[in-house]
Every structure is written in C-alpha cells, then in structure tokens.
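Taken one at a time, structure 1 and structure 2 that follow are two forms of one protein chain, written as structure tokens.
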Structure 1
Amino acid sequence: MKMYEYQATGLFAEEGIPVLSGELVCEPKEAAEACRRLGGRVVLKAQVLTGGRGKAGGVATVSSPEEAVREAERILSLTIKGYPVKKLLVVPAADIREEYYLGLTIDRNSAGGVCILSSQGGMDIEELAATAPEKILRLPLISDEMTEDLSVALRRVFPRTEVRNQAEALVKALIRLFRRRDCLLAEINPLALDCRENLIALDAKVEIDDNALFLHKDLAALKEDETAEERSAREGGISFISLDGTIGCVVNGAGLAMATMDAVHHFGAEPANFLDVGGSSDPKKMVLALNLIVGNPRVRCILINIFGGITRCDDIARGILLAAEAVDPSRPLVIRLTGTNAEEGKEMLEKAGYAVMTDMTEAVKKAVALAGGPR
C-alpha cells in the first residue's frame, strides 16, 4: 500500500524524524490562507501516489497568497501519470545547502532489509543507479540495530561529527519505522541539510506491506492505491487489475492468469484485465468476477480459464451458472475447464447449453476470433 507524502510525513514525525510542518489543502483559496499563515515563501506539493511529480509540474515555490492561488489552481488541474491531483501539501520553503538520499527497502536476494544511502539526493534513485552507481551505498540491515558497516558509510557521507550524529539518529528512527510498520519502502529524498546545519526530511515516501495491514488497522483504513473495481474485487477475495484490451479474463491462479493474458496477446488481441479468482470454490466469486468484467464496455468476449487443483471444476460450473442468472454477459463466453472434477463441471455446463473446451491455447484462439480477430 502506497501512502501519500502527508501521511508518510505523519509516520516520520511519530518516530522523531525531523520534518517540515505544513498544511494539507484541497482548494486554491485554502492554499492562499496556508501561505498567509506560514508566512514568507512556501512550497505547494501535489499529493499523488506516484513519483516524478516535480518533472510533471506538480511542485511550485510561491512568495505571496495571490501567487499561491494561481499555482494551486494550476497544480490541482494536473493529472500526473494517470493520478488526478486532489490535494496539496503546503510547507515553508527551506534554505537547502545539500541534498542526500536515504532509503530502506527489501532486498529479495539476501532476504533482508537494505539501507540505501547517497550524497546525491534529490533525483530519482533508479536514474542515479543507472548514471552514477558509484555514488550509491547499499548496506544490508542485519537486525533492528545500526550495523558497523552502516556507521562507516555514514562517516563517509557525513564527515562532520555534528551532522553525522543527526544522521545516525535519523537512520535509527527510520529503521524503527521500517520494522514496526511493516514497510516495503521508507524513503527520504531529498534528505536536506539546511543553512543552520540541520538535517530535515523534505519528502516522505512509504509503502506498507499489504500482507501486514491486518496488523495495522489505522493504516489499513487509509488505503487508496487502488481503483473502485480493484477495491470491490479485493474485498470479495479476488485479484483484479483493469487493462486496455477487449478480452475479459477469469482465471484461477496468478501465474496462469498472467500466462492467459500473454497468450491472448500472442494471438493478436489484448486482455481487458488481470483476474485471479483464487483457490476457493465459492460460487459468489464467479458472480463478482463476471460483474467486474461486464462493467467494462470495451470487453467483446469473456474467457474463463480454469485449471482445477484445490479449485473444483464442478464448483466453478455452479458459479458460472449462478453468475449467468445474475449477470447478463451479453457477450460471447469461452469456457476452458480441466483438472479436478472437470468432467462433472463440463456436463453441468453443457446441459445448460454452454460449450466447454479443455485446451487453453485453443480456448484463447477462439476468444480472440470472437472478439474480432487479431489486430
């Protein structure tokens, strides 16, 4: 779960990480009031669940309430990488002497946390990794404590004792947050040194492990990084992601669902969605799945691809029949069933007038033909 900057800033403050206190606004005139209250120069920052907002024009420094209104109007009309800007964070402009990068994330290969540190903050870390990898230090997190390697790295990046002491405290606080709040990412970019030699987090990026949200009810309530369809799918126990194509896919298992989408593409059409009904045999899931798909006007054909394992094909057939009563697909349905209890499922569906196929590739080809053929 991705969090907005203003929410992540709140988590930083809870752990004692120095942040700028600002105001969250939704209207241009609120931006002007915030500007007046904060006094002097302020920065308006678009709150979106994606990176690269600076390049997209989502950040502006202003010197007066009038300018704040103008710029707030402009930023609030932006859509950045598909995310419409609905909120702005208004913070005092900082006098920055230097910008660093500090981030904690999960390293799959070492099966542990890793601290990423650089004296070149402010820019995209992946971009920096591509152009100047020698400027990036990667230190494995062994436990919840500061490691010797990490201390050595901090001495390299922050040679002055005064600043280094602040950096050490800040890294410890970020590790605490990372571990306590089950973060996949906790990133400060830039971590700025201001003209009074104070380190301060000028941005806050936090992503929480969705699988750990049951441990953090307060954060779970903030989840916004999904569409309305994705949310209703998740609440019904289905994984669903909307795509641009014309063939609606209903599949059991994430790997097979991706392989089905890829096969649709291979034969010259595009999938309208990713959908994994999961391993359960609850027929209500099939009703929800078909509802999600028929709601998409681009869909020209529905492809159901089931390989029974834990999922029994007779339960799937029951679900399809139930769904067909509740949802008028009004588009051709291609059904492929194989595996556990496939014969029973096939018989039930054929009795109700549906054709059932057993081969995935043939089913995909048929769905592509019914959707109007290859591009």
Structure 2
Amino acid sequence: MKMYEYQATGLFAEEGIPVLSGELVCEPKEAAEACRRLGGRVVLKAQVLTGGRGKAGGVATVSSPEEAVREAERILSLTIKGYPVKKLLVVPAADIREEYYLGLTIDRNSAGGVCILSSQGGMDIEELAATAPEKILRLPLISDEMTEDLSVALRRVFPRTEVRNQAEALVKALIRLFRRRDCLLAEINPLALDCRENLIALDAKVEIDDNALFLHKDLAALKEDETAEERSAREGGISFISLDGTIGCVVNGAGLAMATMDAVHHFGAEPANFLDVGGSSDPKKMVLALNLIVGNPRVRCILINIFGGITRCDDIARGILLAAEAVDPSRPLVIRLTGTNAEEGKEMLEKAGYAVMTDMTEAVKKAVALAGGPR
C-alpha cells in the first residue's frame, strides 16, 4: 500500500520526525486561502502515488494567493505517469541550505532492511545512483538500534556535530516507524537543512506491506487507490484487482491466478479480474468471490480454476455450491478441479448439475468460447 505524501507526513510527525505543517486542498480557491493562512510564500505539491512529480510540473513555489490560484489550476489539470492530480498539499516554503537523501527499504538479497544515505538529495537521486553510486551509502539494519557502521556513515554525510545529532535522532525515529508499521519503504527526499541549521523532512514517501495491513487497520482505512470491490475483497481476506476483460476468474493461489490470466489472454480473451481466494476452503470466501464477479456487467463467463494442494477440492466444491446458491450467477460457469480430493469434489458438483473439468487449458478454451470467442 502506497501512501500519499500528506498521509506519510502524518506518520512522520507521530514519530517526532520534523516536517512542515501544511493543508490539503482540492480546489484552486482553497489553495489561495491556504496560501494566506500559511504566510504567503508556499509550495503547492501534487498528491500522486508515483515519483517524478517535480520534473512533471507537479510542484510549484508561489508568493501570493493570486499566483496560488493560477498554479493550482495548472497542477490540478495534470496527469502524472497515469495518475490524475486531484489533491494538493500546500506547505510553507523552506529556506534550504543543503539537501540530503535518507531512505529505509527491504534488501531482497540479504532478506533484511537497509538504510540508504546520501549527501546529495532531490529530484536527481536516481541519476546520481546511476552515475556516481559511490555517493550513496547502503547500511544493513541489524536491529532497531544504531549500528557502528551506521554511525560512521552519519559522520561522513553530516560532519557537523549539531547537524549529525539531529540526523541520528531522525534516523532512529524513521527506523521505529519502519519496524512498527511494517513498511516496505520509508523515504525522505529531500531531507533538507534550512538556514537555521535544522533538518526537516521536505517530502515523505511510505509504502506498507499489504500482507501486514490487517495489523494496521488505521492505515488500511486510509487507502484511497482501491475500488469498493477491492476494499470489500481485502476486508474478506481475498486478493482482488478489477480489470477490463469479460472472463471473471476465481482461482486459488497468486501464481495460478496469474497463469490463468495469461492463458485467457493467450486464447484470445481478456480477464475481468485478478482474484486469489487463497488457501482457505471457507465457503464464505467463494460467496464473496462470486458476488464480486457477478456485480461486474462486463463479465460474460465465470472461470473457477482450483488446484487442490493443502486446499481440499471437496471443501472447494461445498463452497461453490453454497456460493452458487447464495449468488445465483447468471453467467455461464466453467469449473476446473484437480488435486486433493478432486474426485469427491467433482462428484458433488456433477450431482448438482455442474460440469467439471480437470485440464486447465481446456477449461480456459471453453470459458473463452462461452464469453463470445476470441476478440
């Protein structure tokens, strides 16, 4: 789950990380009013779930309410990397002396956290990583405490004692946030030193592990980039993403779900969704899954593709019968079952009048045909 800057800034403030207090606005007139309240010279920042907004024109410094209206109109008309700008964060303009980079993320190679530091932050950090990688320091996060290597790196990036003391406190706070909130990323770019020698987080980027959102219901409630269907699925323990195709897919396992979508595409149609009911045979999940799919008017056929490993196919069959009874899907239903207790599951479904297949390729071909054939 990616968080908007204004949301991430709130998390930073909770941990004591110095940030600029601003206002979230949706209209040019609101930007002008915020400009007046915040002292006249402010920065308007597009709120989008992607990087590169500065280079795309999504950030502007203004000095009057009239200028704020003009720039807000311009930024709110932008679409940045596919994301339309619907909100702006208005913050006081800072007098920046120096810019640094600080980020915590997951290192897949070491299967642990890593702290990334640089004495050069700002919009060109990606270019710096490519052209001068020696200027970017990477330190493993061994625990919640400061390591000797991290302390040495801070002395290198922040040679002045007073600034380094601030940086150490800030890094500790960011590590607390990273651990406590199950982050995949917690980034400050730029981390600015102002004319009063104070370090301030001028930007905030946080990404939470979706698999841990059930532990952080307050953060899950902030998620804005999901549809009502996706929210319902998440609350029901189902992985679901709505797409534009005509074949509704109900699958157990993310890998099999991706393979099913690829097969649908290969045989000339498009999936209407990604849906992974997981390893559970809970009938309620099947009811929810079919509810999500039959509510989509584009769906012409429903494909249920189950490979029973830990999940028992007879339990899945019970779930399908209960779900079909509760939902009464009006579209053709193609069922593929194979694996643990597949024969028992097939017998139950066939007694109820459902045809059951065991070959995935043939099941996908049939679903494509029932949906109207290849595009």
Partner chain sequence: MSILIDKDTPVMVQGITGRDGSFHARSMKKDGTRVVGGVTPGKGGTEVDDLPVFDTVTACVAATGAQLSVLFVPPAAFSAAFREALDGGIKTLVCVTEGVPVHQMIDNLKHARERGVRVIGANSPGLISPGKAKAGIMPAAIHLPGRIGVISRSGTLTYEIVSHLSAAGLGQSTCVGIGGDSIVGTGFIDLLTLFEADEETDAVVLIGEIGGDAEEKAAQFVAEKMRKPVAAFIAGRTALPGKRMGHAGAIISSGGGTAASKITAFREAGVPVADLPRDIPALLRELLP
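As the structure is a prediction and not an experimental result, all values here were calculated from the model. Residues are numbered by position in structure 1's sequence, first residue being 1. We call the rigid core whatever largest set of C-alpha positions still superposes within 1.5 Å between the two forms.
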item	value
Structure corresponding to the form predicted on its own	2
Rigid core fit then Leu191 CA moved by 2 Å or more between structure 1 and structure 2	no
Residue shift check between structure 1 and structure 2, rigid core fit, Pro329 Cα at least 2 Å	yes
Leu290 C-alpha relocation of at least 2 Å between structure 1 and structure 2, rigid core basis	yes
Rigid core superposed, the C-alpha shift at Thr338 between structure 1 and structure 2 in Å	7.5
Distance moved by the Tyr354 C-alpha between structure 1 and structure 2 (core-aligned, Å)	12.6
